[in-house]
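This document opens with one chain alone, in C-alpha cells, the form predicted alone.
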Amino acid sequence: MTPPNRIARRALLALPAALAPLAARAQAMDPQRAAAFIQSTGEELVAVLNSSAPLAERRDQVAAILRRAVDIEGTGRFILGRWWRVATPAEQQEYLRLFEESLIRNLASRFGEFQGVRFSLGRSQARTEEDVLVTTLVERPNTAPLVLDWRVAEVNGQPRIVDLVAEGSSLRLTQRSEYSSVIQRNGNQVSALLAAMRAQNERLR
C-alpha cells in the first residue's frame, strides 16, 4: 500500500501539469476580441493618417497609438533574436529605444502615401493557442488594394500586435534577418547595428 505522504507528494507533482491547460486557455487570444482590437486601432490610425494636422502633431499621435497597440519590447527582442543575449544591458536599452523610434519614424515618413486610406476587416482565425491572425484590406486612391494580416496576442492581459504579414511575408522575420546580417557583417558586434539604426532614424527626421 502506498504511504499517504507519497500520495500527497505525487499529487503536488501532478498539480502543475493539471493546471497547465487551464493557464494556456486563460492566456488564449479570442478571435472576436482580436478583431475588435484591430478595428478600433485601425480606425484611430486612419483618422490620424487622413488628418490635415501638422506633421509633428500627427507623428506624436501615431506614436501614442503604436505604444498602446504594439508589443514593442517583445517584438523588438524577437527581431534581435540570439543577439539579444550578446548585447550588453546598455546596448539592449538603446536598441529598444531605437527600435521604437524607427517604427514611428518609418510610418511618419510615409504619411503622404496614406492620404485617403481606408481599411476593412476580413476573417479572424486562431493561429496558435496564444495568437490570432486578423485579415484587413487596405485601400488607397489610385493604388491596388493591399491585404495585411495582423498577428495579435495577449500581452500582460491586453491584446497587442506582435507581427504584420504583408503579401505572405512576416515583417518581423524579414527585419530579424536584416538586423542579423548587419551584425554578422561587422564582426558580430551589436554596436554596429545600433550605429546603423541611429543613422537611419536620423535620415528619417
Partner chain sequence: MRLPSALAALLLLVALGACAARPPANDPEALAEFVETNDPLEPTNRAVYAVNGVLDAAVLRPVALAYRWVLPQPVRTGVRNVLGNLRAPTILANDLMQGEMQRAGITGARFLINSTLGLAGIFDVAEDHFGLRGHSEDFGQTLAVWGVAEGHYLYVPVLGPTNSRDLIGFAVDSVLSPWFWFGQGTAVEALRYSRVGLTVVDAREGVLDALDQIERSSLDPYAVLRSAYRQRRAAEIANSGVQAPQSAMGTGIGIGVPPARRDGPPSR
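Positions refer to the first chain, counted from 1. Note that the structure is predicted; figures quoted are calculated from it, not measured.
The protein also exists as the form predicted together with the partner chain; that form is not presented, and the subsequent description refers to it.
Mapping the unseen interface onto this chain, residue 57 falls outside it, with no heavy atom inside 4.5 Å of the partner chain in the predicted complex. For residue 168, a non-hydrogen atom is located within 4.5 Å of the partner chain in the predicted complex, even though that partner is not displayed. Among residues of the shown chain, residue 92 is not one whose heavy atoms approach the partner chain to within 4.5 Å in the predicted complex. In the predicted complex, none of the heavy atoms of residue 190 sits within 4.5 Å of a heavy atom of the partner chain. Contact annotation: of the candidates 137, 53, 64, 47, the single residue with a non-hydrogen atom within 4.5 angstroms of the partner chain in the predicted complex is 137.
The chain is drawn here without the partner chain; in the predicted complex, the stretch among 153-161, 171-179, 34-42, 66-74 whose residues come within 4.5 Å of it by any heavy atom is 171-179.
Counting a residue when any of its non-hydrogen atoms is within 4.5 Å of the partner chain in the predicted complex, the hits in 63-96 run 82, 83, 85.
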